[in-house]
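Here we start with a single chain on its own, the form predicted alone, put down as structure tokens.
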């Protein structure tokens, strides 16, 4: 894992070629994009936690019988703004860079993305924002995430477990969703693997332990992922000073993780999400209220430019 970057140095508008685009669940898809030339140079150093803005306006709608009923009306809207995404993986192959993007079909833009064909081209703005900081001096990395928050978390996990310090770090991942159908993974592991603490293939293949929590109990722990995480912390004696938490998901979950980290004195970074019209700090639409160290004052920072990764104790979460 390379040194954390901040800001948007090296960003630009690049053309990516679609290598594959496949459905992996009821509403989840994975598209692999390939960059060459200046795009490969820019995205070769993409940091886990950074994001891109994708233009889906030129993609076609799927046939009427493939459009979910709940999206029938929204599907007809024009796509005016780019959509922000994090990558689940970025790999270099010779002079080209492949980036895997996970998306969930929730509106007109992501619905159109399902029609992207192999060899079609997509306009991408990036790399944008900052990445997770390297876990310097840390021996234990805890990944806590919910739903689509898996994207940057998968990326940071793989980067650490394939990096130079992979033998010095233990990683445990905690994935949450409302139901089993809300887990954005291709396939869960078998029962024996789950009992050994390797529930999610995307993490298990890199030697990372993982646990699942669903609100309805349809998979793994019955309850909130933060409750599962809290129980694990109670059952496992850890050295807080040599531990760091990386978290991404719904804001109430991030707020709970930040509280857990503060109570136990564990370093914690969270990946925040806001509606981002431009992704470059120009439109000022993605403000995050943050504490000013050493005072009672707060300031507003831009999620796209100052984040999306923030120190958990810096963020003022809503109640």
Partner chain sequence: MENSVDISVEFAGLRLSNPVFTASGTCGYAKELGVFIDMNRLGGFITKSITAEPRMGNATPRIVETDSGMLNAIGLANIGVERFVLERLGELAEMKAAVFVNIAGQTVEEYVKLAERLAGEGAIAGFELNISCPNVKQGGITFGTDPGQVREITSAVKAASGDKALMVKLTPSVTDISAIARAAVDGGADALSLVNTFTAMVIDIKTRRPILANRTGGLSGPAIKPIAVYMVNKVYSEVAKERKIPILGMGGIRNASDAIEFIIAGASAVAVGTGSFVQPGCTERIVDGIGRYCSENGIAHVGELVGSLAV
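Positions refer to the first chain, counted from 1. All values reported here derive from a predicted model rather than from experimental measurement.
The next section is about a form of this same protein that is not shown, the form predicted in complex with its partner chain.
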Query raised in the report: Heavy atom to heavy atom, is residue 55 within 4.5 Å of its partner chain in the model of the complex?
Result: yes
Query raised in the report: If you check in the model of the complex, is residue 171 within 4.5 Å of its partner chain, heavy atoms only?
Result: no
Query raised in the report: Within a 4.5 Å heavy atom cut-off, is residue 283 in contact with its partner chain in the model of the complex?
Result: yes
Query - Partner proximity in the model of the complex: residue 77 to its partner chain, non-hydrogen atom cutoff 4.5 Å - result: yes
Query raised in the report: Which of 59, 32, 67, 277 has a heavy atom within 4.5 Å of its partner chain in the model of the complex?
Result: 277
Query raised in the report: When its partner chain is placed as it is in the model of the complex, which of 113-121, 69-77, 142-150, 209-217 ends up with heavy atoms within 4.5 Å of it?
Result: 69-77
